[in-house]
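Just one chain is shown here, as structure tokens, and it is the form predicted alone.
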Amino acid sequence: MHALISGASVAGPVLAYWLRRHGWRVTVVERAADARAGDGGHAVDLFGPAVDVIERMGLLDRVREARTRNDTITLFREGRAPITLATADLATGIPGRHIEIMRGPLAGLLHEVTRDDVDYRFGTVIERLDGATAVLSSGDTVDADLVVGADGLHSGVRALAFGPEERYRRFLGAYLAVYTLPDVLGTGPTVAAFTAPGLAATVYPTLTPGLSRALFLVRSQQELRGDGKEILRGLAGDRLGPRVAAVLEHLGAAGDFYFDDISQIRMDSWSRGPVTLVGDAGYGPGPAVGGGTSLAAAAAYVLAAELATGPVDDALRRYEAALAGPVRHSRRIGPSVLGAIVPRNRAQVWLTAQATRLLPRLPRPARRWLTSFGGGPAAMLDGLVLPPAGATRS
């Protein structure tokens, strides 16, 4: 059996690893020129079952070693004293195991553990699909038994197999921007946070001394088109004060700038014939709002386990049934988390500051309730039971 997977970030390599364990041949195509395994990307969370998947892959110790070490967060307010608290206080509402790691190091570890027996083709996309026969941008044709789109929100596989993105995308009214810059704030290992109506920014350390990464979440009632850097400048303006103005001064020189809308893909079914989707390509809470990476990793494991136990069409039906609950939950997370971390008005900015200041002093049950986002990203996977790793397919 042969699987062709599009996407080499997280879900693709996880799926490739387990399919190889079950005796499949696996080809992974990726638009990027390499595995993007450096110190890049923004921080992502691994919750509960996703941590279990990483452990079953033998990577738990290495992932823990590569985790972010942001032990404190400081909320800066113009004209007022900053508020500092331990990030552990913000994680009180997260049940079970949790690891925060930069996307780049995670992708690097997943690529490393699969590269020797998976056919990776970087700088390559699927241009045409006829069932499970794919014509690649390299000119090669791959005859597979299964094609998997693990290629994100703007999935090329989804467009080829299911039609235009506009049919399925729901814009959540916000944009995400991420880029690397020198540690101009001098905050070192502390996460610096800033809020204004419709706007939230954090600047946090990378694994490279002297470098920081800025992440902006910006509300917009309308979908915007054009240069992402100019859109960010226009939406952010000078509303976050001189510290963030210094951060924005490095926007023009940022070579790793990433900008995208925060949207969800909503589909009644994410499988059609021998083609299926994993993660943001077919479902998920949306970029940067928490839990999408965990859902994708756990879903990839479930899909591989189902494919090990029977015909492809039956396996895809079981895969969708197993993910139905978490996917329904994921659709509530984006709006809920955005509502909590990107204030809509000055009153919410003030309430956010007060909650931050009071959080360490509250009883643990109150802290757990305030930091759970109403049963958000961590709870999304509570009902998902991972099947056994299974026997290797002969």
Ligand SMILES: Cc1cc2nc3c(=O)[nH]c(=O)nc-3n(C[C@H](O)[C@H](O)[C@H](O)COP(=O)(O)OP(=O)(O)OC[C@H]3O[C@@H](n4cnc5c(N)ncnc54)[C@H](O)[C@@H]3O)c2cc1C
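Note that the structure is a prediction, hence the values are computed from the model and not measured. Start at 1 and count along the sequence shown; that's the residue number.
Although not depicted, the form predicted in complex with the named molecule is the subject of the following passage.
J.: Looking at 220, 84, 124, 190 here, can you tell me which has any non-hydrogen atom within 4.5 angstroms of the named molecule in the model of the complex?
T.: Checked against the cut-off, the match is 124.
J.: State the residue from 331, 62, 36, 56 whose non-hydrogen atoms include one within 4.5 Å of the named molecule in the model of the complex.
T.: Selected option: 36.
J.: In the model of the complex, does every one of 198, 343 and 351 come within 4.5 Å of the named molecule, counting any heavy atom?
T.: Looking in the model of the complex, the three residues 198, 343 and 351 all stay beyond 4.5 Å of the named molecule (heavy atoms).
J.: Residue 129: heavy atom within 4.5 Å of the named molecule in the model of the complex?
T.: Judged by the heavy-atom cut-off of 4.5 Å, residue 129 is well away from the named molecule in the model of the complex.
J.: Is there any non-hydrogen atom of residue 50 lying within 4.5 Å of the named molecule in the model of the complex?
T.: Close contact is absent here: in the model of the complex, residue 50 is far from the named molecule, nothing within 4.5 Å, heavy atoms only.
J.: With a cut-off of 4.5 Å between heavy atoms, is residue 10 one of the residues that contacts the named molecule in the model of the complex?
T.: Residue 10: contacts the named molecule in the model of the complex.
J.: Is residue 104 a contact residue for the named molecule in the model of the complex, using a 4.5 Å heavy atom cut-off?
T.: No, no contact at 4.5 Å.
J.: Okay, which stretch from 318-326, 164-172, 272-280, 238-246 lines the named molecule in the model of the complex, with non-hydrogen atoms inside 4.5 Å?
T.: It is the stretch 272-280.
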